[in-house]
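Next up is one chain by itself, shown in structure tokens, the form predicted on its own.
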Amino acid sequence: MPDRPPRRSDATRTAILVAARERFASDGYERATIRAIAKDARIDPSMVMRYYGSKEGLFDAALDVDLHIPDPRELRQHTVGETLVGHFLTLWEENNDALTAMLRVSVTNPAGAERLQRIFRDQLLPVARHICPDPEQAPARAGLVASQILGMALARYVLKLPAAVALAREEVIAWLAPTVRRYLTAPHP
């Protein structure tokens, strides 16, 4: 079956989602409004409601994030830190608006925090279960990895702390990778 030509509604949905990600990233959930998002997307606010039903529905759609974490079966204990830190840096740099919005909103909004927790639980926990020496410790170890990844993301991409921003990609990997690897592979302290 041949690909169908793009419909106008597809372009409208895309414009809404792009505007919503930017607005949630800059303003947070509470201050972002349907009106402002619609204005940014150059559409009538009723179209946002038509496609997404509510601000919460729009938020869910805009921040439906797949971390595209490498298949746990392809990860190796001696390189898991470098692989994951490099992966997250690339992901953050390519999807800055969506991830920045998700992180910013998660610290001020319970629904945003729940979404972030769910994303990391569902997508990072399988890596910890596969790599760590004691699968019962996987949730704690995944939480420790998330603390490193999200801490760097907060410092580098949200707060834009000059020292964190100034680090070259290779330096971030060199600093964080051993810690991430240790969290996932070291014996329980």
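One rule holds for the numbers: they count along the sequence shown, beginning at 1. Predicted, not measured: the structure shown is a model, and the values here were computed from it.
Here the subject shifts to the form predicted together with the DNA, a form of this protein not shown in this document.
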property: Contact flag, residue 122 vs the DNA in the predicted complex, heavy atom cut 4.5 Å; result: no
property: Contact label in the predicted complex: residue 68 to the DNA, heavy atom within 4.5 Å; result: no
property: Partner contact for residue 147 in the predicted complex: the DNA, 4.5 angstroms, heavy atom; result: no
property: Exercise: residue 51 in contact with the DNA in the predicted complex, heavy atom 4.5 Å; result: yes
property: The DNA in the predicted complex: contacted by all of 15, 19 and 39, heavy atom 4.5 Å; result: no
property: Which of 60 to 68, 151 to 159, 43 to 51, 132 to 140 lines the interface with the DNA in the predicted complex (heavy atom within 4.5 Å); result: 43 to 51
property: Sequence-ordered residues of 22 to 44 touching the DNA in the predicted complex, heavy atom within 4.5 Å; result: 32, 33, 34, 35, 42, 43, 44
